[in-house]
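Given as structure tokens, the chain that follows is alone and in the form predicted alone.
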Amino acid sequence: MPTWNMIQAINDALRVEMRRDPNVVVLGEDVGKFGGVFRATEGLQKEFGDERVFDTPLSEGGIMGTAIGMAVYGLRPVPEIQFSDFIYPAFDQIVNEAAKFRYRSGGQFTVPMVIRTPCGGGIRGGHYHSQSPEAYFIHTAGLKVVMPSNPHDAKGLLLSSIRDDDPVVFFEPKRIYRAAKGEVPEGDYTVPLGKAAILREGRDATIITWGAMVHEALAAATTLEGDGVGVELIDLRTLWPVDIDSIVDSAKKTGRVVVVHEAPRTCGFGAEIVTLIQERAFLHLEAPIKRVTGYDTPFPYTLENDYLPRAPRIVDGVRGVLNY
């Protein structure tokens, strides 16, 4: 079994599915001969031709409108938005068209489309190349939202997303594109949408997180283990539909919960997770649920390590709920 990074796993998922299904097409800015700004689509145009892997103008709204039309008429497009910060010109097409086609047509039409886009900070990209906009899309009925944290899940989740009949926004944490490595099965396999992964089991506190912050949470859990604290770590993987059963079961088990994300705190997805737990497991809680998040500011260039909820801040958060 090969050891790959996230980019290699994503590239292989696209290759596997394009070989399996001739209706899968890839489009976006520089995704063709250049292979994408992060090289996630490298070599695909050479193998599948420029009718199935093609470059587009610098128009996110145009990319998305084109992809929606393709999906409605039977193709399975995988448009790439070069950075998630650039997705806003396409926002209307995503939330008012793609997300609502099944509903407005009474189920006669679906939009089987996967929007791939790199997200998050950690590469010194500044405030126009470091945002984490997942909450906007989780808020929109009709969309599924996915964010893997490792190569194995990235490939399996991407294959599941392409085969899904509803539109999926597939966020890829670019900070770990090459930093996260792991064994990835060759060929075809899937990771189911809507199912979280319990990466560590523990009885003292639960950390719930996703994407690049999974690695910070793992580091925090290791530090706390040295102090005799058993942390249960949940990687959501699919943000919506969220695996509420795994979340609630863990909250009932430990009684203390910390939610971690690098998006800004106010109206971040962590607030919804807190509410879901409060509604279902309130009597099991031994402390208020803690959020460890990014700040309510534009993403800073020179202070990104202070902005990101790194392991020391997560450790402090867990100690706070333990000492309540």
Partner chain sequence: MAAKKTKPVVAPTPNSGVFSVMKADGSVDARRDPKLSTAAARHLYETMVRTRVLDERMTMLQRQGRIGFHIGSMGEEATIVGSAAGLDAGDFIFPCYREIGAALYRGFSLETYMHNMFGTAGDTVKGRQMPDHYSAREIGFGSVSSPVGTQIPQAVGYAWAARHKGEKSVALVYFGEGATSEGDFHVGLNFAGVMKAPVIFLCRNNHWAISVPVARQTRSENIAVKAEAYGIRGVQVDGNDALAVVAATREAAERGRHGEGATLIECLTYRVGAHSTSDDPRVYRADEEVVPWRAQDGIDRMRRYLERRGIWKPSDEETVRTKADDAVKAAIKTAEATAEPDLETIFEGVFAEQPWHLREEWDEAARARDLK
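Quick caveat, the model's predicted, so the values are computed rather than measured. Numbering follows the first chain given and starts at 1.
Not on display, but discussed next: the form predicted together with its partner chain.
Shown alone here, Pro57 lies within 4.5 Å of its partner chain in the predicted bound form, counting heavy atoms only. Mapping the unseen interface onto this chain, Val37 counts among the residues with a heavy atom inside 4.5 Å of its partner chain in the predicted bound form. Proximity of Arg203 to its partner chain in the predicted bound form falls outside the 4.5 Å heavy atom cutoff.
The closest non-hydrogen atom of His129 lies within 4.5 Å of its partner chain in the predicted bound form. Checked against its partner chain in the predicted bound form, the residues Pro298, Gly69, Pro288, Gly49 give one hit for a heavy atom within 4.5 Å, which is Pro298. The stretch from 203 to 211, 82 to 90, 178 to 186, 226 to 234 that comes within 4.5 Å of its partner chain in the predicted bound form, counting heavy atoms only, is 82 to 90. Remark: all three candidate residues (Asp30, Arg265 and Leu303) come within 4.5 Å of its partner chain in the predicted bound form, counting heavy atoms only.
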